Ligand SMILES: Cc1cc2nc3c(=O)[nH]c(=O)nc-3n(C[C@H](O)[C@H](O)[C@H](O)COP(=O)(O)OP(=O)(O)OC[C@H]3O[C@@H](n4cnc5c(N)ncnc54)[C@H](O)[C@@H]3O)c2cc1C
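The chain below stands alone and is given in C-alpha cells; this is the form predicted on its own.
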Amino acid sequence: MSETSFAVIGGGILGAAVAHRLLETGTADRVTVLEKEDALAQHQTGRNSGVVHAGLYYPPGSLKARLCRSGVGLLRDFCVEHDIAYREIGKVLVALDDHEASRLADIESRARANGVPGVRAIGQEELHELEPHVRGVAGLHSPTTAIVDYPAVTRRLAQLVEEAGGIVRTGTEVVGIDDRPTGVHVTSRSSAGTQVETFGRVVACAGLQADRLARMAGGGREPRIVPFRGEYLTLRPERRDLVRGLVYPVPDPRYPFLGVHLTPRVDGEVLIGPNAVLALAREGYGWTDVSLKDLSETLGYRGFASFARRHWRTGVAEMRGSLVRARFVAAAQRYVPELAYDDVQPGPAGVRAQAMDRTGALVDDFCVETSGRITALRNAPSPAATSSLAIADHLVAGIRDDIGGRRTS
C-alpha cells in the first residue's frame, strides 16, 4: 500500500484542514475523511464561540502561541478568498479592580512577544469609549481579535477536498486501527455494515475521542480526555447593543478556566458564558446526557481525582451557575451592570476536549503523537479552531519529513 494513501479520522475543522493540506501539498494522492456523525462539524467545531483568538495569553515560543499567530493569518486569507464572513470586532480584557489591573501588564507582555498587533493597555475612560455599557477600572485592548463561522470554513475545506478527488464519508465510525506491514488497516462501521480498508497512513483528529483513537492505534494511555461542558446564555435581540466587541475577564492563574465573557457572533447573536462543569458524557450537552462508560472512565482516572481535590470549590460554584440562572447572570453583571435577568435566554452548549495528565494538570499545549504510520492529535483545545490551518501545516510537514526519512533509510 502506497504511503500516499491517507485516512483522516474526524470531520471537524482540524480533520478537514489536514485532508485539504495533504492534497494541496501533494503529500497524498488519495484522502478519505471518516466522520462518525451524519454531518461535519457537529461537536467542538460547531459548538464553540466563533472567536478567532489573537494569541494574548499563550506562553511565547509554545506550539500553541506559534500556531495561533500563523493560523490567524491563514484563516483570514482563506475566508477572504472563499467569501466567508470574518469580522475584526476587537476584544477587551476588563479589570474590575486594581488587583486585576496589575495582571494586565504580564498579559500585554506575552501578547507583544507573540506578535499580536495593536494590543495596548487602556484606562477607564477609553474602556468606556470602546464599550459604553461595560464597567471596569482598566483594560487591555486587542483590536484585531475577530469572529468567524467555523462550520462554514469546515464545509468549504471539505468541498475543496472533494474537488481535489478526496472522499468525505460521514456516518462512518472508526472502531479499529491496526498498523501492519501491508498498511494501516482501518475498521469502520456505518449503516452499510462493517468494513476494513487499508491505507498507507492515518491521521486522527478526533477531538472528544482523541485519546481513545490514539490508544486504538497503539499509542499511550495518557494524556486522557476529560470532557468539560460549557453552557451559554444569549442576549435577547433587542439587548445586543449592550456590547460592541468581545468582552473578556482578566484570567486568574489560580483557576483552570477563563470565566464568563460576552461574545458577539457573525450572525448577530451575543453569547454570555461559558461556565465549565464536568460533562456526564463525552458528547453530553446537558445534564440529562449521561454515559456510564464515559463518566466511570473520568471518575476512575487518578488524574481527575487530583484535579477535583484542588478545584472542588470552583467546580461547585460552576455547577451552581449551571443550575441557577440568576448566578450565571450575576457573573456577567459584574462587567455589564445594566444587564437584567430578563435580557437573557437559554443558549447553546459545547464540550471541551481537554487532555489531562496523571497528576491532574491540564495539558496546556497542543499535543501530537506519532506511532509508526499513524499520527494522532491528542490535545487540541482553544485556540485549535483559530490555529486549524496552521496545525494542518504543522502535521503535514512532519508527515512529509517522516515519509522522506523512511524513503532514504
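Each residue number is its position in the shown sequence, starting from 1. These numbers come from a predicted model, not from an experiment.
Just so it is clear, the following notes concern the form predicted in complex with the ligand, a form of the same protein that is not shown.
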Which of these residues, R47, R373, R378, R66, gets a heavy atom within 4.5 Å of the ligand in the predicted bound form?
-> R47
Have a look at V243, V72, L93, C205 for me and say which one sits with a heavy atom within 4.5 Å of the ligand in the predicted bound form.
-> C205
Segment assignment from 24-32, 338-346, 39-47, 356-364: heavy atom within 4.5 Å of the ligand in the predicted bound form = 39-47
Verify the contact flag for V351: yes if a non-hydrogen atom of it lies within 4.5 Å of a non-hydrogen atom of the ligand in the predicted bound form, no if not.
-> yes
Exercise: Y301 in contact with the ligand in the predicted bound form, heavy atom 4.5 Å | no
S62: touches the ligand in the predicted bound form, heavy atom cutoff 4.5 angstroms | no
Indicate whether G139 is a 4.5 Å heavy atom neighbour of the ligand in the predicted bound form.
-> no
Heavy atoms within 4.5 Å of the ligand in the predicted bound form is the criterion; list the residues of 264-280 that meet it.
-> P274
